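This document starts with two versions of one protein chain, written out as structure tokens and named structure 1 and structure 2.
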Structure 1
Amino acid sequence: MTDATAHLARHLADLQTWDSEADDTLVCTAVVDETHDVRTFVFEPPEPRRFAYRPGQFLTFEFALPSGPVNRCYTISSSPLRPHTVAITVKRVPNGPVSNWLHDHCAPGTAVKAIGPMGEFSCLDDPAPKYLFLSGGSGITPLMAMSRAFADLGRPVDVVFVHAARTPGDIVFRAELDLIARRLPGFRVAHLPERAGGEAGWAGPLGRLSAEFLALVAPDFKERSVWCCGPEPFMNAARSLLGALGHDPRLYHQESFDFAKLASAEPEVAAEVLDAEAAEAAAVPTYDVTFTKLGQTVKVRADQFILAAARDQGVRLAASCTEGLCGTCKAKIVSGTVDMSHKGGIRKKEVDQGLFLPCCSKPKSDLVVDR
């Protein structure tokens, strides 16, 4: 039996499900060039496991960079109906330490730490008869996972997938999306590069998302459940455009790890919350929170999340989701206690070891943090 066949046989055996409480190591098995600056990294556990997740969810990784461990969240781009591996698709970012490390150093055999999957951006959580997927750049990954899942099942769907890119050469998964559109009844794809970018014979549309383009590719867009992911300006533009055209905001969903900015979209509500907080603040105890490695101490009220209060006072702490989902801000308590309300970004055994997430924790006493 060849190595590849033996490997396949192990994966076809009865497998345990990947459990973030028990499993935290993934090994890269393949690297695929998607475009000139985008690559897909395929991972599997050291011992075969089956992954169970919803398309659109993400993993939180800990990468061992030369400068020290760094946490990052990446949405899974592979289909949950192919559960033996998971894949992330990463665009190289100029001066981006993690994306460049992945592109330059992550190869078959590289081991990384990971927890999850987690996240709430999945069409499974809000099913609809018609979808409009909108993605820009590397924001295509969660929508690709959803599309691949539909394609793996092969049943007719009603999906219009619009992907925006700088040029045709920047369209991620271009050939695979075209193949899905040819083989899956009801799945349509519209690539929308801003400019031709030197590709001879490009016959498709050029430009940005507009009312005219939507009328062309999805004239019934008001009836469609919209799922949008991409750079923040892209998502803001898409949301504004759809709102101006009368699309029901209850049918609009977008991926974002920055929930504070999402809250700012409702300024009147935010103002009411701030007023109420100010009225209650005087009666709430305040504690000293000391970050030993940074050599800084901040005042944090008992009703404040530690990360937000520390940032307001100039302490720079790495974080991503800011609501206990991703685990990026994980730190160790040296002394003191907190009231933590996370959403899966930390495991029980880590809590038992004294770790906590400052983004979703409020102090219950003076606190010393190893960070």
Structure 2
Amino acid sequence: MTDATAHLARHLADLQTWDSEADDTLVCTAVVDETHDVRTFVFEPPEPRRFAYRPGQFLTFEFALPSGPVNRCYTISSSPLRPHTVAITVKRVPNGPVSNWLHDHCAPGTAVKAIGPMGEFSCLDDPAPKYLFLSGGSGITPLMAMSRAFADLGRPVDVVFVHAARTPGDIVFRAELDLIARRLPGFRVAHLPERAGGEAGWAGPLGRLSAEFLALVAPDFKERSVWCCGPEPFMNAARSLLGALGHDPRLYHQESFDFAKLASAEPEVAAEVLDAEAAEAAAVPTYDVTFTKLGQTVKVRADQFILAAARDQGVRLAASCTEGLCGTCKAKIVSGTVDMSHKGGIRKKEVDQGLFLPCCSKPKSDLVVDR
């Protein structure tokens, strides 16, 4: 048997459901390019498990960035009817620390931590005979999960799937959506690029969401339960357009990927994320790190690098490489202990004398530093 086959055999045994409270580790198994700046990352637990979630739900991840652990939410884009893996589909955000780290460093074998699933943005929570899915950019992910679930069952549906993108080249899941539309009775797709940019012979509509466009792709939109996800301006425009055209606001659902916005619109969802993060963080103790010369004390979690955490809290410490190579950040421990993983920036002799490198050390107790 080949490795893949052996692996498949393990998955076909009786599987327990994945429980992030028992084991929150996920391992990347595949990375797929969707567009020039969107990638899908497929994960499974270290031991085969089944994922149980409603399409549209998300996971809260903790990524071990070089600067320390960072939390972000990502919607599961894969189908819950294919429960052996979960996939997230991530768009690069210019200068975004996490999305870029995922694109540049997450590869098969990379372990991440995740908790969930959580979230209320699922058509399951408000069943309706007809749907209008409105998606913009990376907001396609929850709607894709729902569509894939329908497609996996194969029963006729009434879904109009609208995806707004900058150019045809930015349409995520283009081929797969077209395939679903061909095979699933009642599933229609309307791609809406803003401009033709790059693709010669684009035959479909161009521009932004408008009354004319709606009249064209879903003349019965007033009867449809609307599920909208995308950039804030996109969702704002969609919502006011529908309102102005007399669509019943009770049939309108949206989800924001901006966590602050999500928190104000859907406090219960945000609370769920924060609770989960807090539970996660509670497992990791937080220590007081005091810098005697600066006269400042900061809180540093046992899984954070002291220098990065101090900087986040406004304490400026001299440093250069921030990876334990140059020794610029060297400081003396007055009391307490740390867990240091340097790259030669400090000598054993110096460590014996109580020196350490805050850039690559995590606290193991409260700490007093002569700085």
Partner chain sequence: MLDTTSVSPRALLARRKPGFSLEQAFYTSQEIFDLDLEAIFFRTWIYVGVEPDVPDEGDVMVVDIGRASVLILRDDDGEIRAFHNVCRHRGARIVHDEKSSVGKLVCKYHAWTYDLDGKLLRAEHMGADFDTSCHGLKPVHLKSVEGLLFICLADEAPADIDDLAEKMGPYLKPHAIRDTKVAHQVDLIELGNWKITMENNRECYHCAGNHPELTIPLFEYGFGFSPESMDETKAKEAHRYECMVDDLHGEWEGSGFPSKEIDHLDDRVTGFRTQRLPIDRAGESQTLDTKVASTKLLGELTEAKMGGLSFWTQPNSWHHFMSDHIVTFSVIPLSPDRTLLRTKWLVHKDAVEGVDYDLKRLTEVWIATNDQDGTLVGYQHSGVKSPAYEPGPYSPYTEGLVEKFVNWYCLRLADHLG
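Keep in mind that this is a model prediction, so the values were computed, not measured. Residue 1 is the first residue of structure 1, and the numbers go on in sequence order from there. Heads up, when I say rigid core I mean the largest set of C-alphas that superpose within 1.5 Å between the two forms.
Asks: Only one of structures 1 and 2 is the form predicted together with its partner chain; identify it.
Replies: Between the two, the form predicted together with its partner chain is shown as structure 2, not structure 1.
Asks: Using a superposition on the rigid core, decide whether the Cα position of Asp14 changes by 2 angstroms or more between structures 1 and 2.
Replies: Comparing the forms between structures 1 and 2, which are aligned on their rigid core, Asp14 does not shift its C-alpha by 2 Å or more.
Asks: When the two forms are laid on each other by their rigid core, does Gly324 show a Cα shift of 2 Å or more between structures 1 and 2?
Replies: Where the cores coincide, Gly324 still shows a C-alpha shift between structures 1 and 2 that is 2 Å or more.
Asks: When the rigid core is used for the superposition, does Leu26 move between structures 1 and 2 (threshold: C-alpha shift of 2 Å or more)?
Replies: Not so; Leu26 is displaced by less than 2 Å.
Asks: Could you check how much the CA of Lys349 shifts between structures 1 and 2 after a rigid core fit, in angstrom?
Replies: Comparing the two forms, Lys349 shifts 39.7 Å at C-alpha.
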